[in-house]
Ligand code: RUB
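Only one chain is given next, in structure tokens, and it is the form predicted alone.
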Amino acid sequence: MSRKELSPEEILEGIRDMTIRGAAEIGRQASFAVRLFAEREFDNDRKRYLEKIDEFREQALKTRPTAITLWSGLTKTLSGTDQAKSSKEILELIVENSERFIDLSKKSIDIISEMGARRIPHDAIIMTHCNSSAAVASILKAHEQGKIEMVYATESRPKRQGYITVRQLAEKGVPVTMIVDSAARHHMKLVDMVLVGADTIASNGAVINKIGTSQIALIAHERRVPFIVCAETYKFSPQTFHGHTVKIEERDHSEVIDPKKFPGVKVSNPVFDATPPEYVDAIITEVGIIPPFAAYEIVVHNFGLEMLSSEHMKEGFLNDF
């Protein structure tokens, strides 16, 4: 089914069960879902209309608690609606905001890919992990410039998002080798650069990404291989500005094993981990390439000190849902 054929509730379910995946796509789909909901549930009673929209927003936030892009997409789309004087004005704002957010999200990938390709050396051997639209776009742009010798892409278990990455690269003629996650250190001696995406970036520069990212960063650090993150600025978390940690999502153990075949066995299935900023060489954003410790400046630029100093922010707004 295409995005336009899905109901708002089906989009949320797709985000929850990871049919819809990838941090950027989650943000775009969340924005589109709340727009569809607002169009379908239009109510001339302004107060009741806002209450229905807010209830849908709360349901959406619960689907993938770690993904800051989910919050960003919803927040950008609903910006200004509480000040709107009529239901008609609320809907117009939501439609306009959603279109702008989705358009800017896609343009950000294009900008990042240009800068990412410039950082990739000629005859480069790249390693990547999971499936990042920004990282893949950078590799494809570098391939167009004749720079890529080989890409090593991890499987990224248990959901194997690496399958998506290798297909996307192979379809464009990029030389690509899939490796099991545990082979990252074995192959790192061949690698010139590691290029990954991010689901969330904390204000101290820590990168929250697919489980296993931190291990690859540690191996790259050991081998003195540059570890580069591609991330749009709306992935920078204001929640962490006041010391609130990013909630690491734990998914069902059935994604790892069939519980019927392993009675009595417990399984830990965290989706993400945190890579310390000292293992990150640079973060490529649509506003420029920054060191990880400049993440604080991005958060302040995006939200302003006044908003960041509000009691709502200090209490850790994402934890309210």
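Just count from 1 along the sequence shown to find any residue number. Being a predicted model, the structure only gives us computed values, none of them experimental.
Keep in mind the form predicted together with the ligand is missing from the figure; the text below concerns it.
Chemist: Does the ligand get within 4.5 angstroms of any non-hydrogen atom of Met18 in the predicted complex?
Modeler: It does: once the ligand is placed as it appears in the predicted complex, Met18 has a heavy atom within 4.5 Å of it.
Chemist: Any of the heavy atoms of Ser133 lying within 4.5 Å of the ligand in the predicted complex?
Modeler: Yes - in the predicted complex, heavy atoms of Ser133 and the ligand come within 4.5 Å of each other.
Chemist: Although the ligand is absent from this view, report whether Gly14 comes within 4.5 Å of it in the predicted complex, heavy atoms only.
Modeler: Looking in the predicted complex, residue contacts with the ligand do not include Gly14, since no heavy atom lies within 4.5 Å.
Chemist: Gly197 versus the ligand, in the predicted complex: is there a non-hydrogen atom within 4.5 Å?
Modeler: Yes, Gly197 lies within 4.5 Å of the ligand in the predicted complex.
Chemist: Note which of Ser214, Ser203, Thr75, Gln161 lies within 4.5 Å of the ligand in the predicted complex, where distance is taken over heavy atoms; exactly one does.
Modeler: Of the candidates Ser214, Ser203, Thr75, Gln161, Gln161 is the one lying within 4.5 Å of the ligand in the predicted complex.
Chemist: Where, among 45-53, 283-291, 261-269, 23-31, do residues come within 4.5 Å of the ligand in the predicted complex by heavy atom distance?
Modeler: Every other range fails; the passing one is 23-31.
Chemist: Using a 4.5 Å cut-off on heavy atoms, what residues in 96-126 are near the ligand in the predicted complex?
Modeler: Contacts from 96-126: none.
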